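There is one chain below, alone, in C-alpha cells, taken in the form predicted on its own.
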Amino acid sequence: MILWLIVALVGLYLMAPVLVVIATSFTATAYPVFPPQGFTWRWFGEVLASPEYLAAMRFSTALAAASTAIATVLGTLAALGLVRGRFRGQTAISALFLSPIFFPAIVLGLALLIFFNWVGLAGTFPGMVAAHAVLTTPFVIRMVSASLAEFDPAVEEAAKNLGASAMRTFFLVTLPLIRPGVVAGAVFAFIISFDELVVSLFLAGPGMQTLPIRIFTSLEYSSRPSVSAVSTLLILVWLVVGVPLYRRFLDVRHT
C-alpha cells in the first residue's frame, strides 16, 4: 500500500505540469489561468486556423523527418561499427559520437552557428537538418547498440555459410532482428528534433520558424491560452503515435 502511494505521488508530481497545461487550454479567459474559468474550444480553433502555427507545424515535421532519416542511417551504421568492431581508440570514438548528449544546448548551438557560418550553411534548411541530425544520432546509436548487444552473431554466420553475401545478410537477417532498436531510435530522434528549440534559435534563417520557436515567440510577446492549446495538441499526438509504437517495441522485444 505504501509503495503504491509513493508511486502515485511521484506520478502526480511528474504529470502535474502537463495536466495544468491541458486544463488551461480550455479556459474561457483571454489568458491562461488555473483552475480554468469556464470551458471553451476557442483556443484550439484559433491554433488550427492560424497560418503561422500551421506553417510552423509543417516546417517542424519536414525538418524532423529529414533529420531522423539521416540520424537513423548514420546511427545504425555507427552502432554496428562500435559494437562489432575491435580497434584502438574505440572507447574514445564512442564517447565522441555520444558527446552531443552531454554538451549544453546553448554551447552546441553556438558552436554549430560558428561552424555553419564558415561553411555557408547557417540560416539554410540543409544546415538545420544537419544540426538536428547531430543532436539525434547519439540516441539512435544507443538504441541500436542495445539491440546489437542481445544479438547472436551465430545467426549471421549461419546465413553466410548458406551462401548469403554480407549485404544480403544485413538486410535479411541482421536488420530485422535489430529492428526494435532502430525503430525506437528513430522515434526518439523524431521527437527530439521536433521539440528542439535552442539550437534552432541559433540556426534558423528568415522564414524558418519551427513550432517550438513559434511557441517561444508567442510566450515572449503574449500569454494567450492558444499556447496551451497547441501544447495540448502536441501531447495528444505524442500519445496517439508514441504509445502504440512503445507497446509494439515491447512486444517485439519479448518475442
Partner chain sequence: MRQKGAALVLPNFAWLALFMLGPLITLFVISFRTYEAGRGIQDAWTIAHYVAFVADPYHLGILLRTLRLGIEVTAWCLVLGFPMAYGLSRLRGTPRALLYFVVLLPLLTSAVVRTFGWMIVLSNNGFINRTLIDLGVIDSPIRFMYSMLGIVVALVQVLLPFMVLALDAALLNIDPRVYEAARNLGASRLRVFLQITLPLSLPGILSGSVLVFTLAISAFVTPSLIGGPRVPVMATLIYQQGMSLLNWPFGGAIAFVMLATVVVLFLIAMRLARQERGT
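Bear in mind that the values here come from a model prediction, so they are computed numbers and not experimental data. Positions refer to the first chain, counted from 1.
There is another form of the same protein, the form predicted in complex with its partner chain; it is not shown, and what comes next is about it.
Q: Each of R84, F97 and F216 within 4.5 Å of its partner chain in the predicted bound form, by any heavy atom, yes or no?
A: All three within 4.5 Å in the predicted bound form.
Q: Which listed residue (A62, M208, L54, L201) meets the criterion of a heavy atom within 4.5 Å of its partner chain in the predicted bound form?
A: It is L201 that has a heavy atom within 4.5 Å of the partner.
Q: Any chance F151 has a heavy atom within 4.5 Å of its partner chain in the predicted bound form?
A: No - in the predicted bound form, heavy atoms of F151 and its partner chain never come within 4.5 Å of each other.
Q: So, in the predicted bound form, is M143 in contact with its partner chain at a 4.5 angstroms heavy atom limit?
A: M143: no, not in contact with its partner chain in the predicted bound form.
Q: Evaluate S228 for contact with its partner chain in the predicted bound form, applying a 4.5 angstroms cut-off between non-hydrogen atoms, and reply yes or no.
A: Judged by the heavy-atom cut-off of 4.5 Å, S228 is in contact with its partner chain in the predicted bound form.
Q: Considering only heavy atoms, tell me if F139 and its partner chain come within 4.5 Å of each other in the predicted bound form.
A: No.
Q: Just give me the residues of 90-114, first to last, that have a heavy atom within 4.5 Å of its partner chain in the predicted bound form.
A: Residues within 4.5 Å: I93, L96, F97, S99, P100, F102, F103, P104, I106, V107, L108, L110, A111, L112, L113, I114.
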